[in-house]
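Below you will find one chain, with nothing else, as structure tokens; this is the form predicted on its own, and questions on how it binds or moves follow later.
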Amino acid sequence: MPARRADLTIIVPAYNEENSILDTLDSIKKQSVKAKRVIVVDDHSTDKTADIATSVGVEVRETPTNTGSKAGAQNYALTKVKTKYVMALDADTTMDKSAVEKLLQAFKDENTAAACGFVIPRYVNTVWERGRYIEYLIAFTYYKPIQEYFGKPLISSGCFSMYRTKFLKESNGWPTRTMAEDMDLTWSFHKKRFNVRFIPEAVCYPIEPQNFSFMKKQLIRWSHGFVQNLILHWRNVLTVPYLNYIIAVMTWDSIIASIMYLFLIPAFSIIFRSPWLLLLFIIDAPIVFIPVLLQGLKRKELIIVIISFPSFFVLRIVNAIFIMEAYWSEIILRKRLTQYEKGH
């Protein structure tokens, strides 16, 4: 029995992804619902990315010049898209076999502009991968379902999202004005009162940074991207019910928590000469651990959760450093980050 085929184009932006793109394309091939078209956008790679993609028979298009960002590469392909739906899938990301099928279900509502799914790191070995693993379990088990309940997912994940092509093109594709095009596009959809959906049954597996060098690049981009979007959208999001609360809480938490972790807890520990005060770094550990534990049991990954849990607190401190730097640079110094550096 032939597989079902959807009126869908999958865009895979790629820059020097020779080590991962084959797995990505294989996961596309194995989907329970096939895409009508798959376009690999080679953004002037210096490795064999294009040759590998061509060897498995997918359509490969090279940008005239390096676009300098994932959004730029995706927009180049978007001009060729004629299908009703379009998906953006990173070239280091694989999907569960039913991921496309699950995301398509979100578009039964004609007002749905975008749908994203559950993101979980493919490899969980280093301290950085383990920290991100716990971070994602918390985000996609606790925060994202709450956002979905109120109809306001904060971000339709850039590594793995599906869109209604008409709405995406009317928005001029993926924005290139910030370092976080997925957040920018999602907030723009909310402003227009389009639906953005989170479908937890649709699961993908990106390759996360394995070392501090790559993690640093990613966190600089994400932190500056968040602050840039705050500056760009704050007037608009204030008028969007529930989204304004979600962003306000996230902004407040990122500032207050970062000040606490980086300055207040170390200062109090020194002033009062009590190393026990350092336990404030993990005071919320039980609250964080409960949803992670439940998801670990569900995924049959309890041992991985237990081993990885301490790494979350390491990554949280590092996150605090980069978000404070972004606030300082973007708002106080008015020094915008404009160079997109790949970090995975």
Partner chain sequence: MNTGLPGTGIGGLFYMFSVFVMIFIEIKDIIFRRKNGYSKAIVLEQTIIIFLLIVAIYTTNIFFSKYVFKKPPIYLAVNANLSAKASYVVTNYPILVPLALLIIVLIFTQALYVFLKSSKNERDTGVEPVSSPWKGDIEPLN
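These numbers were taken from a predicted model, which means no experiment stands behind them. Residue numbers count along the first chain shown, from 1.
The form predicted together with the partner chain is left out here; the points below concern that form.
Undergrad: Report the stretch among 68 to 76, 101 to 109, 121 to 129, 171 to 179 that approaches the partner chain in the predicted bound form to within 4.5 Å, counting heavy atoms only.
TA: Of the options, only 171 to 179 has residues within 4.5 Å of the partner.
Undergrad: Taking any heavy atom pair closer than or equal to 4.5 Å as contact, tell me whether Arg235 reaches the partner chain in the predicted bound form.
TA: Flag for Arg235 set to yes.
Undergrad: Taking the shortest heavy atom distance, is Phe312 within 4.5 Å of the partner chain in the predicted bound form?
TA: So Phe312 counts as contacting the partner chain.
Undergrad: Cys159 near the partner chain in the predicted bound form, any heavy atom under 4.5 Å?
TA: Answer no; every heavy atom of Cys159 is more than 4.5 Å from the partner chain in the predicted bound form.
Undergrad: I'd like to know whether Pro266 contacts the partner chain in the predicted bound form, with contact meaning heavy atoms within 4.5 angstroms.
TA: Pro266: no contact with the partner chain in the predicted bound form.
Undergrad: Please tell me which of Val58, Val33, Ile290, Ile306 lies within 4.5 Å of the partner chain in the predicted bound form, judged by heavy atoms.
TA: None of the others qualify; the residue that does is Ile290.
Undergrad: Tell me, out of Ile246, Val81, Cys204, Ile207, which residue has a non-hydrogen atom within 4.5 angstroms of the partner chain in the predicted bound form.
TA: The option sitting close enough to the partner is Ile246.
Undergrad: For a quick check, can you give me the residues of 291 to 325 that have a heavy atom within 4.5 Å of the partner chain in the predicted bound form?
TA: Residues within 4.5 Å: Pro291, Leu294, Lys298, Phe312, Arg316, Asn319, Ala320, Ile323.
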